[in-house]
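Just one chain follows, in the form predicted on its own, and it is written as C-alpha cells.
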C-alpha cells in the first residue's frame, strides 16, 4: 500500500525582538560603576527602578566596608567606637576566612600594622562580593541582559525572561602596559570577569606571605560563574600566578585564569 505525503506549510519562526542598549554610570566605592542593559525597551520604569536599587546596594556596601570613611561600620569597629555593625560584616568575615583557606593563604584579609597588630581589611573581596549582590536586583527583571562593572570587575547576567537566549557580551581587558587600550576581549553570556594588577592602583595588593606589595608588569584575569570568587582568585593569581593556577585547577575548575 502506498501513502500520499501531504506537505505541511510551517509558519516561519518569529524574529526575536531587536535589543536596544542603555547605560548608567555613578562614582561609588572609589571607582566608576556602570550598568549596561540590553532589552527591547531599556527605558521601562521597572528597569530604572532596579538600577537605582543596584546603586543603593553599592552605596550601602561602601558605608559598611569603606577603609576611607571614618563613619563606616568597619572603621568604627576597628577603632573600638561601636560593637553594633551591619550583618554584612559577619558574612564577609566568613567569606574571607574561606577565601584564605581555599587559596592556601595567597589571599588574606588580615594586615599587620604597627606593633604587630592584625587589622581586618576585606577590600580584596568586598568589591566583587558587593557587585555580585547588587546584580541580584537585575536578575529578577524579565527580558533583559545586563553587564555590571567597576574597576576591572564585571558580572554579566540575564533576567528571567531571557533564559537561554541572552546575547553575548564582549568584555575588554585593559592592557596593563598601555592605559586605555585593550589587550584581550572575553565573550561572556553569564558569569564574571575579574582582573588584578598594579598598573592602575600601584602596589595595592600585598603578598600575605611577605607582607610586601606586589608590583610588577602584567595583570591576572579570572573568568568564572561568580564574581566574588573570580575576584578572590584574580588577587591570588596576582600574588603567585603559578601556584594560584595549580590551586584553581584543583579546587575551582569552573574558573579560568588568563595572564597578560
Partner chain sequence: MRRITTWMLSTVSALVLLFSYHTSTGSGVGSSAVAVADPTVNGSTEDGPGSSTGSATPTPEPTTPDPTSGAEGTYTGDAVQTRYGPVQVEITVSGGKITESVVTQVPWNDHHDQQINSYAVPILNEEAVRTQSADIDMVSGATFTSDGYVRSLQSAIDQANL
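Only a predicted model underlies this, so the values are computations on that prediction, with no experimental measurement involved. Residue numbers count along the first chain shown, from 1.
Although not depicted, the form predicted in complex with its partner chain is the subject of the following passage.
Remark: residue 225 counts among the residues lining its partner chain in the predicted complex, judged by a heavy atom distance of 4.5 Å or less. Interface residue remark: residue 27 is counted as part of the site for its partner chain in the predicted complex, having a heavy atom within 4.5 Å. Not displayed here, its partner chain is approached by residue 168 to within 4.5 Å at the level of heavy atoms in the predicted complex.
For the chain shown alone, residue 197 is a contact residue for its partner chain in the predicted complex, at least one non-hydrogen atom being within 4.5 angstroms. With the partner left out here, its partner chain still marks one of 46 to 54, 188 to 196, 59 to 67, 206 to 214 in the predicted complex; by a 4.5 Å heavy atom cut-off that stretch is 188 to 196. A single residue from the set 174, 143, 100, 73 has any heavy atom within 4.5 angstroms of its partner chain in the predicted complex; that residue is 174. For the residues 147, 96, 106, 138, the 4.5 Å heavy atom test against its partner chain in the predicted complex is passed only by 147. Taking its partner chain as it sits in the predicted complex, the stretch 127 to 144 comes within 4.5 angstroms of it through a non-hydrogen atom at just one residue, 127.
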